[in-house]
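Before any questions on binding or motion, here is one chain by itself as structure tokens, the form predicted alone.
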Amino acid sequence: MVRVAIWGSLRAATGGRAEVEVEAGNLRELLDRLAEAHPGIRPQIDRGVSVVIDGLVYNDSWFTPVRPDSEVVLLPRIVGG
């Protein structure tokens, strides 16, 4: 199981929980399983989220591996200019 820290407005979709656990081997599985367990988060995932895995930010790198001991943080997509 991968522990995922949920940040900001995304917590509303997890019932206010700051951390959830999902079974996943890569980033795509992680997002799909989060949406299955917490359907309210699907619209935000579809709009775009950023996922921090072991200190690196990923947006669309679907096959990035996720290990059970990875530090994972889900937050609204980071954009800038």
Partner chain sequence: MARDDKPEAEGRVFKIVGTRPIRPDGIDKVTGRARFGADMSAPGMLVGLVLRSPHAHARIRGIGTARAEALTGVKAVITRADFALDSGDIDDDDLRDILHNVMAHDKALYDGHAVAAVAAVSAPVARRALALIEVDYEVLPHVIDVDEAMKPDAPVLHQGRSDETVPAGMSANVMHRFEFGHGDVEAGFAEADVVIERSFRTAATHQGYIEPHACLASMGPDGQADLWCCTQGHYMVRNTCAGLLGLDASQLKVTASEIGGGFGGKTTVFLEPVALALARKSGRPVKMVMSRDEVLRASGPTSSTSIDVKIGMKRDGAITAGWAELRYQGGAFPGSPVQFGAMSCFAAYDLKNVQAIGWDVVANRPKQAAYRAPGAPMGAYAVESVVDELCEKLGLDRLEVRLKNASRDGTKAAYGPRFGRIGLTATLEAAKAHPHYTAPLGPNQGRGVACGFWFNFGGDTCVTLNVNADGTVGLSEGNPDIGGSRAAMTMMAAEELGIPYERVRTTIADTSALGQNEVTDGSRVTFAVGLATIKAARAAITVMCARAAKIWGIDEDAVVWEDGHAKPAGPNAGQFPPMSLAEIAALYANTGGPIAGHHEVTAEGAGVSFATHLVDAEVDPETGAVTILRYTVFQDAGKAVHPAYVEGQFQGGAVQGIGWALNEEYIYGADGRLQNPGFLDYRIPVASDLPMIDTVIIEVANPGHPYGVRGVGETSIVPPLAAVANAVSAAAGVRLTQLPMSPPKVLAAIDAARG
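What you are looking at is a predicted structure, and each value in this text was computed from that prediction instead of being measured. Numbering follows the first chain given and starts at 1.
There is also a form predicted together with the partner chain; it is not shown, and the following applies to it.
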| property | result |
| --- | --- |
| Non-hydrogen atom within 4.5 angstroms of the partner chain in the predicted complex for each of 30, 38 and 68 | no |
| 4.5 angstroms heavy atom contact with the partner chain in the predicted complex for residue 26 | no |
| Any non-hydrogen atom of residue 21 within 4.5 angstroms of the partner chain in the predicted complex | no |
| Exercise: residue 61 in contact with the partner chain in the predicted complex, heavy atom 4.5 Å | yes |
| The partner chain contact at residue 79 in the predicted complex, heavy atom, 4.5 Å | yes |
| Residues of stretch 1 to 27 in contact with the partner chain in the predicted complex (4.5 Å, non-hydrogen atom) | 7, 8, 9, 11 |
